[in-house]
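The chain below stands alone and is given as structure tokens, in the form predicted on its own.
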Amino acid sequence: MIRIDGNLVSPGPGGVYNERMAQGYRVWDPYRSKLSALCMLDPEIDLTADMRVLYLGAANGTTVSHVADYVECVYAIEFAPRPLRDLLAVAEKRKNIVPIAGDATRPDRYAPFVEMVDLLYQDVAQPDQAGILMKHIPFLKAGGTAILMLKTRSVDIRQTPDEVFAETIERLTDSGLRVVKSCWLEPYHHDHAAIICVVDPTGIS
């Protein structure tokens, strides 16, 4: 990952969402992108040129565009029509983005169009976020990584964010994933957490 004067940047052409430029690089704003926030909080997070990524909850493609600047290919899943139109426009200018109109709760419907990936990234505002991640583990290569951006208020507004966070980690662990890191995304995103997992070699239950 490239940093200039303490800012995370990416090397692709600008003009995707009026992002700032710095020395020819696109500034990746951690207040607009939860993945950028995670990378700022954890400098060990890395995206490399040989990676294939399955991105759930692509929205209008701003974060997807930064990921595409670093990796070989991004399969970008989005359900809502309006952001999907923006995503398609972004994909026209970055040929390594594969936009897919799909419901992340039904991976069986787009499975034929997605290869095995090195990184499974999920940013979906639905109640069963852990369940959605688990459904996509079969797309993950051996040794791959899954990152869940947990939107606690979308899971259960009656519980505290800490309770949702703890229950989500417990559920992922009980399902056969090993949580290697987790953190809140403060000060960039309130009540949001990142949970980084790998497949436990003992197998998914």
Partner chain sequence: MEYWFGSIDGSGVCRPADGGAPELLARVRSLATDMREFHPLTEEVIEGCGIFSDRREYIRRLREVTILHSREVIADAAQEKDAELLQMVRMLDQMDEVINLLTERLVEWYQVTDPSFSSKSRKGAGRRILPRITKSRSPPLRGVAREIEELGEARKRLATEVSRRAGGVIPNMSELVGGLVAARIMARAGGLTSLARMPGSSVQVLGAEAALFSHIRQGSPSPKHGLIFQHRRVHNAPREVRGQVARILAGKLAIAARIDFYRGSLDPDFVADAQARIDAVAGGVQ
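Note that the structure is a prediction, hence the values are computed from the model and not measured. Positions refer to the first chain, counted from 1.
What comes next is about the form predicted in complex with the partner chain, which does not appear here.
- Proximity to the partner chain in the model of the complex holds for all of 52, 81 and 116, with the criterion being a heavy atom within 4.5 Å.
- With the partner chain omitted here, the record of contacts in the model of the complex names 153 to 161 of 56 to 64, 153 to 161, 168 to 176, 26 to 34, defined by a heavy atom within 4.5 Å.
- Under a 4.5 angstroms non-hydrogen atom cutoff, the partner chain in the model of the complex has residue 138 among its neighbouring residues.
- For residue 71, no non-hydrogen atom is located within 4.5 Å of the partner chain in the model of the complex, even though that partner is not displayed.
- Within this chain, residue 125 is remote from the site of the partner chain in the model of the complex, having no heavy atom within 4.5 Å.
- The partner chain is not shown here, and in the model of the complex it never comes within 4.5 Å of any heavy atom of residue 121.
- Of all the residues from 79 to 96, those having a non-hydrogen atom no more than 4.5 Å from the partner chain in the model of the complex are 81, 84, 85, 88, 91, 92, 94, 95.
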